[in-house]
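Below, in structure tokens: the form predicted alone, a single chain.
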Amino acid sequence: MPQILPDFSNSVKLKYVKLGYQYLVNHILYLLLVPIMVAILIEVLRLGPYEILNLWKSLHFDLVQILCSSFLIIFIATVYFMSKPRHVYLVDYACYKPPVTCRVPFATFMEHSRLILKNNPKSVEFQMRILERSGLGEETCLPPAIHYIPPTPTMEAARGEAELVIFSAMDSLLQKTGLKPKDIDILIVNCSLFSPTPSLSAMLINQYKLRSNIKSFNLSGMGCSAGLISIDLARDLLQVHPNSNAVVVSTEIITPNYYQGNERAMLLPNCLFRMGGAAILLSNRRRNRSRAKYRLVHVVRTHKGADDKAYRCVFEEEDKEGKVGISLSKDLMAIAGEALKSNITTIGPLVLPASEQLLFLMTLIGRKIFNPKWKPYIPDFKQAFEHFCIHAGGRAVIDELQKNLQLSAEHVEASRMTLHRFGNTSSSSLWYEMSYIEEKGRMKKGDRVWQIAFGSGFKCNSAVWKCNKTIKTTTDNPWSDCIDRYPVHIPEIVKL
């Protein structure tokens, strides 16, 4: 009988073949240059010192040529270093941790819903179903005004929440960094739905007596991705203002935006959004390089607002009874997927290794020339990043990104645990996730972090950070008192 050939797929571990391909393509330049350099070195050694000296003497240089060449080299080097973008460092950041008095267990939330919506049991039942599948835990928090029956969403209460969250985060940042208020050159505050007069940035300037020539900005209406928009704005400002410190404050004020009507599309945010905020110190000062936690590498922003469906998928409006709320469209996840696709198309060439880019290009050419039905190649972003901070907007958002980016459970652990412990804290959720990774002791020097956020408009924004040093666990982290309990198992449905 003829010898049966061994099954190739069983006899060879294909993952090692893939690893070999990645190493070959990613290091092709080194693999080509090393033999050339070795050959040149061997040739130089073969010539001997006398031949090399004679070769040098045969070259004729005059003083004018030497001066012109030197001037040209100095001029090119000067232009290069002057046009090179300044490095932007993340010195440190602080996340607000709500007091236990603000906690809203499931039982409390549902009891309040039954009392507030006692004339509409179907809306209560809808909220219960959402909460059961939300991925939130029993320790998420709502501001004091929402604990009243009925809630008291007054301007005074909203200002009180803003002061509590923002001042607490700012105090913690100043304490951690040793930064003096007078040393803040740029201040950016983002809060999407609460935009009082004077602004929240003016409130901070008044509280901390910041300088009169400070460059302050207040971003509103830009959704949950506004935190990365603020980072992008701070980066641009730090490029034109040397030797400066920029403080970014990201939060969402819940008090004036708690919906008390019966529209299901507007009841959904009540079940997901919770208290939270973060303050971040960025700097382009060289002396901050050694103590900074991260260096900002890229910020990529995608805006799909030109499309009507995308523009209206997260929309603040009045219901039939005249009550204002945030309406979430059923097309939200599909629109988020399209925005993500556009965003990763831009960020991919900036971060992916050559092996992944080559596979993507070959697949694209194959689909265009040979067969359009070929399955498109999804780049392996795990080759570009060690950590992923996906906006904890809801369980469906995290599930969808995990599936599309082919991430493991550990890659999305920080996002799921942040949603469970703190809920959807809007633009600040990314910093709770970063804190989780740090408190777990996983952030090492050289690690790359990808922050991905979605927001109304519709926007998908990304930021890429590189860790400057191995980060040790601390006692002033929002996870310090509970990190030993995490990760926890989150069931598909929590029966209430």
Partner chain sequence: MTSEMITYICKRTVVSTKPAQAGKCNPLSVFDRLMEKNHIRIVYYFPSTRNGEPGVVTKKLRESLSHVLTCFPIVTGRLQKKDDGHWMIKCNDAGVRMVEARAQGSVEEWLKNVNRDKELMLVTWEDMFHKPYFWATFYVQLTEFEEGGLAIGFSCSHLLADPTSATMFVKAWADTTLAGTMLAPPFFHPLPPPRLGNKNPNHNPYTDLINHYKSTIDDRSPAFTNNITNYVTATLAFSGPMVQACMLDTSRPSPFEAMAGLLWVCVSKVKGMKQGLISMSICLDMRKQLGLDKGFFGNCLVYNKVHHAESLLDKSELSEAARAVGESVTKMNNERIMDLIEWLEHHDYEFPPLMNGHDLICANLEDLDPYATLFEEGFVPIRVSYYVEPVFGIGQILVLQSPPSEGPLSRMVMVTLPADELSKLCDDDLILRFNPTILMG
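Owing to the predicted nature of the structure, the values given are computational and were not obtained by experimental measurement. Positions refer to the first chain, counted from 1.
The same protein also exists as the form predicted in complex with the partner chain; that form is not shown, yet it is the one meant from here on.
- The candidate stretches are 99-107, 241-249, 213-221, 310-318, and the one lying within 4.5 Å of the partner chain in the predicted bound form by heavy atoms is 99-107.
- For His112, a non-hydrogen atom is located within 4.5 Å of the partner chain in the predicted bound form, even though that partner is not displayed.
- Using a 4.5 angstroms limit between non-hydrogen atoms, Asp183 is distant from the partner chain in the predicted bound form.
- Arg301 falls outside the set of residues with a heavy atom inside 4.5 Å of the partner chain in the predicted bound form.
- In the predicted bound form, the partner chain sits beyond 4.5 Å of every heavy atom of Met155.
- The contact residue chosen from Arg295, His147, Arg291, Arg159 relative to the partner chain in the predicted bound form is His147, the criterion being a non-hydrogen atom within 4.5 angstroms.
- Of the candidates Glu400, Glu139, Asp232, Asp171, Glu139 is the one whose heavy atoms come within 4.5 Å of the partner chain in the predicted bound form; the others do not.
- Residues of 481-496 placing a heavy atom within 4.5 Å of the partner chain in the predicted bound form: Leu496 alone.
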